[in-house]
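Before any questions on how it binds or moves, here is one chain, the form predicted alone, in structure tokens.
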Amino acid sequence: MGKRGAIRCPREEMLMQESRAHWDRVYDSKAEGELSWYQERPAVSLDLIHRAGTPKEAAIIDIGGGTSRLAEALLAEGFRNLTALDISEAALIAARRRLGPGASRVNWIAADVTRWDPQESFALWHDRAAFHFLIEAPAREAYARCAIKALRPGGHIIIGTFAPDGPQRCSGLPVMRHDAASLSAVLGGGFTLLDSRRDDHLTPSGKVQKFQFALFRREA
């Protein structure tokens, strides 16, 4: 489990508990293949990780990993220093159950990324469909501070969100849609944009969700 970090006011604690309860209900109420963000193979994420040139021994963290297939896809390719973080313990339990014995090869962290205090340095930070739920500026700023602390200089960050013409809500919650420019603005001047691409994600129900992915390098 991640460290709790600074003491929070009762309202902040209540909001975090409500968010955790919401996502636990989502994952408890639906099978993996019924979730709108489900992918059998996270092709765009894998392609951008390869584009970053991340070594197989490098430390990689998947933010909002939930029941994503990214960890097992990376394990199958020989990556061996993986961490998955999600606010929902229910999601991580489901992911560990699916991976079986392979789950022991992943470090699982149940935490809110905006309040998490990373104690390890990572070569690559990956986030598909978590950042766009941060609709308040303080939450986005806290996310950026966490990413900067966690990511080593020369490391890479991949963020995938709904595109400007993508959905306005997901799982009953409002989202903030992004393009490469708005993601760059949140991260600040210490990051260089290396790649930007759109992706039309087909949900299990047959709907198309328009995503925006961006790959950045953190400069020394």
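Computed from a predicted structure; not experimentally measured. Numbering starts at 1 and follows the sequence shown.
In what follows, reference is made to the form predicted in complex with a small molecule, a form of this protein that is not presented.
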Counting any heavy atom within 4.5 Å as contact, can you tell me which stretch out of 60-68, 47-55, 151-159, 187-195 lines the small molecule in the predicted complex? 60-68
Looking in the predicted complex, is the small molecule within 4.5 Å of a heavy atom from each of I93, V106 and W108? no
Would F122 sit within 4.5 Å of the small molecule in the predicted complex, counting heavy atoms only? no
Does at least one non-hydrogen atom of L82 fall within 4.5 angstroms of the small molecule in the predicted complex? no
According to a 4.5 angstroms non-hydrogen atom cut-off, is V113 in contact with the small molecule in the predicted complex? yes
Using 4.5 Å between non-hydrogen atoms, is C146 touching the small molecule in the predicted complex? no
